[in-house]
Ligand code: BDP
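Here's a solo chain for you in structure tokens, the form predicted on its own.
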């Protein structure tokens, strides 16, 4: 076991060294050297976030006459989001598309987007991330030495809904006793506990097997993920709780960033900002396709005319975490 861990650490450090070397583009002598930037995502090829980063790669290739390109590693090939962040921090990969939930424990300010029911709907969320608020929070990630990351852009991840293998959730009472996987952030675990379920922190790459074997009863996520990860095969009850509307984030390795020339940094920044809006068209299409597949699979979606009981239930979460975000929450609520 120890030798295997040492081997992994050696490979990681070796990859980091190679990545940093290949990105030493700031000097004139190395300016024409080709750089292949590694990108990673837990989702499969064709998923909106994956496709958006691949489109960035094509733009970079065109703008640099093939000098810079992106190599995508989808489907958690390089590990879950925690592992992706760790690899980006040491420069073993450059782009990591991760949930804000995975960054929140390091950059506390972004946790405001993780608060339950902080957004009225997805449209409201998009207006917020496109505003000065979104820019400020990206800057918090970039300016925090602990992250080792550059915040490039936000991406739409829709609304998160609870699904499970045991029963239809039509009210808060139906959630009681159910073990529901949550992103490994105490705020999310507390949110599920406040709703009456039993929140279980777990890596994304473990969810399918955990539901299949009964380690957890269910999970919560958006419709495209529910389909793309085949979660609908093992958890056939889904309820449109929309308790969380969490934008996702594309980050870049700070170690690798420092090896890019100012011009190349500007290109990556520019194409990242363009991807923030271009990904949405892909997202809406994916949502429509996922809903069609859910219906084709014979799965009924429980909808709620009134979410007030759910909103009232998470008051303890707001009492525990919300006070320090009060001013920012007021600005979010004021975005029309």
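Residue numbers count along the first chain shown, from 1. Everything quoted here is computed from the prediction, not taken from an experiment.
One more form of this protein, predicted in complex with ligand BDP, exists but is not displayed; see below.
Chemist: Check whether residue 225 has any heavy atom within 4.5 Å of a heavy atom of ligand BDP in the model of the complex, and answer yes or no.
Modeler: Yes, residue 225 is a contact residue.
Chemist: Residue-level question: is residue 204 within 4.5 Å of ligand BDP in the model of the complex, judged on heavy atoms?
Modeler: Taking the distances in the model of the complex, the answer for residue 204 is yes, it comes within 4.5 Å of ligand BDP.
Chemist: Indicate whether residue 98 is a 4.5 Å heavy atom neighbour of ligand BDP in the model of the complex.
Modeler: It does: once ligand BDP is placed as it appears in the model of the complex, residue 98 has a heavy atom within 4.5 Å of it.
Chemist: Answer yes if any heavy atom of residue 42 is within 4.5 Å of a heavy atom of ligand BDP in the model of the complex; otherwise answer no.
Modeler: Taking the distances in the model of the complex, the answer for residue 42 is yes, it comes within 4.5 Å of ligand BDP.
Chemist: Decide if the three candidate residues 179, 193 and 242 all line ligand BDP in the model of the complex, where lining means a heavy atom within 4.5 Å.
Modeler: Answer is no for this spot.
Chemist: Ok, 185, 114, 221, 122: which has a heavy atom sitting within 4.5 Å of ligand BDP in the model of the complex?
Modeler: After the contact test, the surviving option is 221.
Chemist: Could you work out which of 217, 126, 81, 264 is the residue within 4.5 angstroms of ligand BDP in the model of the complex, going by heavy atoms?
Modeler: The residue from 217, 126, 81, 264 that makes the contact is 81.
Chemist: So if I measure heavy atom distances to ligand BDP in the model of the complex, which of the stretches 168 to 176, 138 to 146, 70 to 78, 98 to 106 falls within 4.5 Å?
Modeler: Result of the contact check: 98 to 106.
Chemist: Using a 4.5 Å cut-off on any heavy atom, which residues of 244 to 264 would contact ligand BDP in the model of the complex?
Modeler: Only 248 sits within 4.5 Å of the partner.
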